[in-house]
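Listed next as structure tokens is one chain, alone, in the form predicted alone.
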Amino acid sequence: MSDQFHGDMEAAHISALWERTSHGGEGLAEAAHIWRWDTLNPLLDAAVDATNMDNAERRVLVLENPAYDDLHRRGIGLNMVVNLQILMPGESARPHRHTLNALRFIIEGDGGAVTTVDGKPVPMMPGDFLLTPGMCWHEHSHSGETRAVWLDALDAPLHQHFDTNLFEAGPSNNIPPQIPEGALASPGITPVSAEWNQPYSPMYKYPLANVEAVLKETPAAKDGSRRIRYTNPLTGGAAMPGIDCYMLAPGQGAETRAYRSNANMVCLAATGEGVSTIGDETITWKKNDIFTLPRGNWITHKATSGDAKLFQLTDRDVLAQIHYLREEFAD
């Protein structure tokens, strides 16, 4: 092929498809990575010493996946970022909102920390799952006596790809009508509300006690595991767009059925201890450890203590909604 042709293509801002060697999918099954609580915990104290709420919008430590070091990519997974946020007694974080969908899973606290979502106060107890969906006003305050720590997860990479992220500082305004918690308290009975047309759950809090009660009554799968999904009670679908969440209780001493997927998942060990095999790697985990389940790997989990539970967040529902999801299960 002549250099003249290449020069003409470059001038016209076009390229030859047949000269490309990549068809995509290289490195599909990246290695898993684990952030151990024993390493993270001292860094939380150091973060408190390093900054205060007067000079930081939020006191947040971002988990950076070493698999992305040379790829000009940030965060923990392809379509989500995961952080740890710390709030000390007497502190508050001012209100803001953004198009990013965000969630909280509470790791530490004495109940004094509160997230206010679109005017609704939501107390934060360990093990609770909280929503702060896109464009909901949210702020944090702490009237307790011990530090509050929670896992943050956001679908920031998706918004970055589509260039749809917007941010607005408070004060809160134009808050939409809310459905009272009491109207959502009975399974199988949900209100019909002409005023609620949001794509996320009107429940902003899913208490750990409720999750444990449902897990206890859920029949075990053939591999001995039990799993629940955090859902929107009005639709039965994911609690909010962008990130779909589950709680898995693996069977003690028995591996879960192996699967692999083109979806990505991150796990927080909510309670107990266990072992996960991700591709060729086997990792042990205990309470508050955080690890990735990257796409393309065969994955299994096994509890080594009777109380082991994994809080799981994934982009699976995003892929399913646009019919891109591909999954495979072992016999």
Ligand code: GTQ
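Small disclaimer: the values here were computed from a predicted structure and weren't measured. The first residue of the sequence shown is number 1, and the count goes up from there.
One more form of this protein, predicted in complex with 2,5-dihydroxybenzoic acid (GTQ), exists but is not displayed; see below.
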property: Listed range touching 2,5-dihydroxybenzoic acid (GTQ), judged in the model of the complex by heavy atoms within 4.5 Å, from 255-263, 242-250, 138-146, 185-193; result: 138-146
property: 2,5-dihydroxybenzoic acid (GTQ) contact at residue 60 in the model of the complex, heavy atom, 4.5 Å; result: yes
property: 2,5-dihydroxybenzoic acid (GTQ) contact in the model of the complex: residue 85, any heavy atom under 4.5 Å; result: yes
property: Contact label in the model of the complex: residue 117 to 2,5-dihydroxybenzoic acid (GTQ), heavy atom within 4.5 Å; result: no
property: 2,5-dihydroxybenzoic acid (GTQ) contact in the model of the complex: residue 152, any heavy atom under 4.5 Å; result: yes
property: The single option of 226, 229, 159, 96 touching 2,5-dihydroxybenzoic acid (GTQ) in the model of the complex, heavy atom within 4.5 Å; result: 96
